[in-house]
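What follows is a single chain, given as structure tokens, in the form predicted alone.
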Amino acid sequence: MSPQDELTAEIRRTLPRACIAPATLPDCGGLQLYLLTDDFPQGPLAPEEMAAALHEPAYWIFCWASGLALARRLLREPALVRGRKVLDFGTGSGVVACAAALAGAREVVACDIDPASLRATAANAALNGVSVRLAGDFFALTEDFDLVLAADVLYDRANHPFLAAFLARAPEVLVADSRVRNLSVPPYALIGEETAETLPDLNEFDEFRSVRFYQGRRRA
């Protein structure tokens, strides 16, 4: 079975009418991902489909705006990751991990608690001809990193304590988020903003297309 068929079978456990196919991301130098096809849904979701999607959200079937913006930034500014050991936290589809590897990172670890996400990340890494190591538990990783990357993980305030945990594992952290307008968690500071969209298009409000970049540096 091909990676595309395997991922389609995976998502059809919760969304029986869904299909996964490779898509080329805009302004990403040819980077491709296996994503939900943009013709889904064809009509309203059945109640059982909606319940399953809410109970077991498959974040990996989308390239979220923050992940796309961060991937673009890494590919545009490869010095951010070149030669460095990088952790991509909450990797989802693996878009940021793949971009970091393509930009010349020495080693990339993609971390996500969702096993399906890690399978999608492995497939997407192979699709782009890069090597990415997979990890399911951030706290089980005992090594240090040069840089931690995190896109769209601050939508839940319960995740904010990870910001301190990131800096305990790396001297530098780069966060991209479209849901948090003003992150007031020192030593993190706003360093930029750009527009991106979620793929396939969810017709999100314009405010969720504005992605902010926050940088944290470990205090001496």
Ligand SMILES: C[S@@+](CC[C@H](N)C(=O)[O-])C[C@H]1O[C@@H](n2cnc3c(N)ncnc32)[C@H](O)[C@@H]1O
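Residue indices: 1-based, along the sequence shown. This structure is a prediction, so every number in the text was calculated from the model and none was measured.
Although not depicted, the form predicted in complex with this ligand is the subject of the following passage.
The closest heavy atom approach of Y155 to this ligand in the predicted complex falls within 4.5 Å. A residue is said to contact a partner when one of its heavy atoms sits within 4.5 Å of a partner heavy atom; F162 meets this definition for this ligand in the predicted complex. Shown alone here, A99 lies farther than 4.5 Å from this ligand in the predicted complex, counting heavy atoms only. Among heavy atoms of T91, some come within 4.5 Å of this ligand in the predicted complex. Contact with this ligand, judged by heavy atoms within 4.5 Å in the predicted complex, is confined among 78-86, 140-148, 107-115, 122-130 to 107-115. Shown without its partner, the chain has Y59, F62, C63, W64, S66, G67 in segment 59-84 as residues with a non-hydrogen atom within 4.5 angstroms of this ligand in the predicted complex.
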